[in-house]
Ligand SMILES: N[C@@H](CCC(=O)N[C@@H](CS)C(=O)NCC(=O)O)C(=O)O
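We begin with a single chain expressed as structure tokens, specifically the form predicted alone.
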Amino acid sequence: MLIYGGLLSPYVRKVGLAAVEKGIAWELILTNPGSPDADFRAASPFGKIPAMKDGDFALSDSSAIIAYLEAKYPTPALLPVDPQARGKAVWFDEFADTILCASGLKVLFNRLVGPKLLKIPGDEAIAAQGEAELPRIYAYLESVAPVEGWLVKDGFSLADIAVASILRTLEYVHVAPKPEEYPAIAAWYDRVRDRPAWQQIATQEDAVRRRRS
């Protein structure tokens, strides 16, 4: 299975983590958003990352890809069977993608991706707006982060992968939640980072970053 994108993206990292958790063999094809590469565009018509090619089947969007992987490789499950637990897992995935990311990526793009990677000016006003939005979001996450275990009662799931993946990306621009301010988030996040799949992806991500620096 091929995954197009880069592990700096929380969405690409999310798919990579899901694949490793499930023991799926995959290869990362380093691809920038909007790339004109024909194989990438066949999988992602609008040029967004991640995209996936599995044999003759292609798909884009991290949540769609993970839904596909969950159906094709159901063990270990990343979406709970219990209706309430599954609903919560999907909620946290949506929270991560459209609430936490919506604010965090304002900072990431305007302080890192734009000026340092794409060589285009960032808009500091937008970055500051995103940073100002994060405490309210972190306060919610602090209120639901469990003392033990995972975000959803039935065990480790897509919920943990999706939220933790974005926190890892926000570390690049120094706006991730500080442990002294958000101890419940910090304890939960440490548990995620202790997982072998997380450590494997982090090692791969760090190796790419060193080659590019």
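Since the structure is predicted, the reported quantities are computational estimates derived from the model, not experimental observations. In this text, residue numbers run from 1 along the sequence as written.
The form predicted in complex with the ligand exists for this protein as well; it is not shown, and the discussion that follows is about that form.
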query: Among 184-192, 171-179, 41-49, 151-159, the region lying within 4.5 Å of the ligand in the model of the complex by heavy atom distance; finding: 41-49
query: Contact flag, residue 62 vs the ligand in the model of the complex, heavy atom cut 4.5 Å; finding: yes
query: Contact of residue 16 with the ligand in the model of the complex (heavy atom, 4.5 Å); finding: no
query: Residue 11 within 4.5 Å of the ligand in the model of the complex, heavy atoms; finding: yes
query: Partner proximity in the model of the complex: residue 146 to the ligand, non-hydrogen atom cutoff 4.5 Å; finding: no
query: Within 19-33, the residues that have a heavy atom no more than 4.5 Å from the ligand in the model of the complex; finding: 33
